[in-house]
Each structure stands twice: as C-alpha cells, then as structure tokens.
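First comes one chain, alone, set out as structure tokens in the form predicted on its own.
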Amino acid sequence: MTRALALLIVRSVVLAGPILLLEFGCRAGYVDPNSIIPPSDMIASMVEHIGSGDLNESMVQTFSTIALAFGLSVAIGTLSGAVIHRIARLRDMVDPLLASYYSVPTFIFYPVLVALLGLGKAPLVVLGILSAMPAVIISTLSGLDSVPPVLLKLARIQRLGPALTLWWIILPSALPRLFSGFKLALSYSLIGVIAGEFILSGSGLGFAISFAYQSFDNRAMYGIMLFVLLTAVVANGVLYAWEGRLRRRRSKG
C-alpha cells in the first residue's frame, strides 16, 4: 500500500465516522430533528433541489459573483502585493494594517456598499473582494520574500530582462505561497458572497438558505447548505490538484 493510498483511507475514515455517527443519532432519536436532520436526508434534499431546477438561477448568480470576486481579488491582490514589496516605506505602513485586517468583520460594510452601489451584484462582489484580497496580498509578500537573493543575482548575471526574471525565477520560487493565498481567497470570496446574500440580498444561494431558515424548512436549508459545502470542497480540490501539477512540473524542470 502506498503512502498516498493509506492517507486517503485514513482521511475517508475520519470524514465518514462523524457522518455515520450523526446518521445513527438522528435515526435513533438522540438528535432533535428540529435542529439537525440525518445526512442521508440532506443528500436527498440536495439532489431534489438541483434536479428540479429551482436553484438554477440562484446558482448562476452566486457562482458568477464568487468567480468575479475571486478573479479580481487574485489580480488586484497580486499586483498590490508586488507594488508594496518594492516600496519599503509603503510596506512599513501596510504591514500593521494587514496583520489586524481580519479582526474587523467585513460584513459591517455591506449596508454602506448597498447605499453606495445599490442592490444587486456589485456590493456582493466588493464584499467578496474585501474579504479575499488581503489574503492574496499577504501571500504575495510572503512569496516574494522567499525568493532566494542568489537566484536574483544569477538572473542579473545572465542579463535576464524583467519579464524573463519574473517568469523563470520569481514565479517558480513564490508559487507555493501564492497558491496558499489563492486557496484562501477562494474560501473568503465564497464566505463573503454567501454571507452577503444571507443578510440582505433578495436572491442567490445565501438568500435561499436564509429563506428556508426563516420558513423553518430544515430539509431545504440543509440540502442547500450541503450543496454549497460540496462545491467549496470541489473548487479547493481543483486548486490543490493544479498546485500539485505545477509543483511536479517544477521539480522535473
């Protein structure tokens, strides 16, 4: 048995254990059905809602908003991190702000964003960016700090231009830390958008969860929540797989 297979088996057991325990507790009556429904019912509810097409419009709106917030966070955060890294005085000013940024809940700005941008996708996108972009900036700074000076000196000796230095030296060295920021940005974008829809929006998956909660429809609420959870896990899995592929290519190179 390979190490990877053994690790997969252990992870599966650790994940399946609590799920089976919850299923047994719900079926045996140890868990109040008004609080939590059995996992099998959650799966059945998720399949029903997806198969009926009731969530199609909400899925398109939510996932397009998350994708836009994630893409802008990565682009703006990476560029901002590179600029901050090159200007020492600017970094001295920004570092304390980045260190304490996540102690402030970004959701408090949503009413202000609605007042400025109106109802719709724009305030949700901005909220997602506010949640995700600092993680990308921090990972970019960390990645650029990790580039060995000897490699930069080698690039100067070989007379590589800025573009080739970035492509052949900086990006490969900073890639692991950059991907850590990208994975966090995806999670924070999803949290920011879903939470914004849950609080004030009139559409989207977050609103669907909120509506089911307020209607005491636990079956629908847990089904939609499970769908959002599985989507987030799959999206992060894709990023992990992409990161692993790039690392293997880098090691072969």
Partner chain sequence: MSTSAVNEPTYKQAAPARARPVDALILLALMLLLWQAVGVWTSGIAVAPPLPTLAYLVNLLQTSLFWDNAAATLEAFLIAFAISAVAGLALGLIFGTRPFASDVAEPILSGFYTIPKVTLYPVVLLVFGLGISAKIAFGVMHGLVPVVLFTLGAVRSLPPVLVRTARVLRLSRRQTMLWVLLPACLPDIVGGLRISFSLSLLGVLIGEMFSSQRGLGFLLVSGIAQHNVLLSTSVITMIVIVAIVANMAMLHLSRRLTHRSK
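Note that the structure is a prediction, hence the values are computed from the model and not measured. Positions refer to the first chain, counted from 1.
Just so you know, the form predicted in complex with its partner chain exists too; it's not on screen, but the next bit is about it.
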| said: Would you classify L68 as touching its partner chain in the model of the complex, given a 4.5 Å non-hydrogen atom cut-off? | reply: no
| task | Examine L119 and determine whether its closest non-hydrogen atom to its partner chain in the model of the complex is within 4.5 angstroms. | result | no
| query | Hey, in the model of the complex, does R11 get a heavy atom within 4.5 angstroms of its partner chain? | reply | yes
| task | Would you check, heavy atoms only and a 4.5 Å threshold, whether A44 touches its partner chain in the model of the complex? | result | no
| request: State yes only if every one of S64, V83 and W242 has a non-hydrogen atom within 4.5 Å of its partner chain in the model of the complex; otherwise state no. | output: no
| message | Where, within 180 to 197, is there a heavy atom within 4.5 Å of its partner chain in the model of the complex? Residue list please. | response | K183, L184, S187, Y188, L190, I191, I194, A195
